[in-house]
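In structure tokens, one chain follows: the form predicted alone.
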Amino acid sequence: MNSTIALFLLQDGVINGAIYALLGVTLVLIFAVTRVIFVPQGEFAAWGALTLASLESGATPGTALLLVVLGVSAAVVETIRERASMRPARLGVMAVRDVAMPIALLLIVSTIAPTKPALWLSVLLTLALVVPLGPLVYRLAFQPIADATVLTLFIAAIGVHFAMIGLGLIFFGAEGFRNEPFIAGVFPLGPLMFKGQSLVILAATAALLAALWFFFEHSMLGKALRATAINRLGARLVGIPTRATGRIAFALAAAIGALSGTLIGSLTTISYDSGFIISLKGFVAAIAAGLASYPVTVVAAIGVGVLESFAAFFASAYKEVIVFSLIIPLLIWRSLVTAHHDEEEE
């Protein structure tokens, strides 16, 4: 290996690490607010890429119908579960939000998709379809057991992962797709050559991380999420609706995941089950940060991307093993430096 090859490997590692950073940050966000280790975060990325690919091909994406199915399911489940205390006004809100709006969006997308809309419009439609899926997943799977132990929530997340994989296969099929890049062409920078899409990924990652910092530091909603993360019971006692904060956290996760999917869809082939591996690499970074620190998660994610890139050069057959083996010393180190206590005593 010479310095030029090392620079190219470092470049690839940083670009991949930027995506892992976004997914890792969302894992930390969801865990901090809801205590859910959300294993299937990568499915939102896969659904985002596949939705955009469907729109680019002129087909109605499966997420349009999936949104209707989950919306109706959430409305029916909540109506049955809360039938004794359900007010007509709440029932009307649910009918509009969970049934009428998804159906209207399905009709709009079905009309626009055959025209093969411009890329910017396709991305907006992708976000409009995927982002609402986050709160729906939370309402169906996690809101009823929000006060359960972390282990119980983790087991539920595993079940949600398999459910989302199955839904992805049903609504998108087994075929993989690639998206059109946001910016085509290659741009020289010293000895390196950057794809236009790579530059978009780096810029979008920096912008999203800056936006998240501003959101949590300078907005009332962000501060409410931080309060819920610090003390869920205390936040509830001072009037913060913790159920709503969980939905917001999942909406943010779905938005970041969907946007990540649209960014990476032109660099690699994405299929219905591609999100899991991508999410696991973000999970390694989140574990390195103790599922608590956003800056450490970002730095660790870049490190994971660089390690993966160099591992692919020296031992391509074992690159996944090398990356995922990182989690073992990280868990041992975290176990040694973290104070232990029973969850029931919190």
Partner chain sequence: MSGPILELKNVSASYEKVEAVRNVSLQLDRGSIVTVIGANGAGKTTLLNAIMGVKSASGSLRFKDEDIAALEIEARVGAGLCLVPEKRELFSTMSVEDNLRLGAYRLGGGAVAEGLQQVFRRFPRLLERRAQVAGTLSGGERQMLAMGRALMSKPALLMLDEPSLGLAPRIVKDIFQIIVELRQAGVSILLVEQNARAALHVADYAYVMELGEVTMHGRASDLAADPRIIESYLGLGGRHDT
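Numbering follows the first chain given and starts at 1. The structure displayed is predicted, hence computed values, not measured ones.
FYI, the form predicted in complex with its partner chain isn't displayed, but the following is about it.
No member of the trio I145, A148 and A156 reaches its partner chain in the model of the complex with any non-hydrogen atom inside 4.5 Å. This chain is drawn without its partner chain; in the model of the complex, the residue among L125, I201, A224, L252 with a heavy atom within 4.5 Å of it is A224. Exactly one listed residue, out of P114, P241, P188, G92, brings a non-hydrogen atom to within 4.5 Å of its partner chain in the model of the complex: P241. Among residues of the shown chain, V76 is not one whose heavy atoms approach its partner chain to within 4.5 Å in the model of the complex. In the model of the complex, at least one heavy atom of N231 sits within 4.5 Å of its partner chain. Taking non-hydrogen atoms only, A235 approaches its partner chain to within 4.5 angstroms in the model of the complex.
With a 4.5 Å cutoff on heavy atoms, A84 does not count as touching its partner chain in the model of the complex; it lies far away. In plain terms, the part of the chain that comes close to its partner chain in the model of the complex, with a heavy atom within 4.5 Å, is 216-224 out of 177-185, 216-224, 133-141, 106-114.
Along 260-290, not one residue places a heavy atom within 4.5 Å of its partner chain in the model of the complex.
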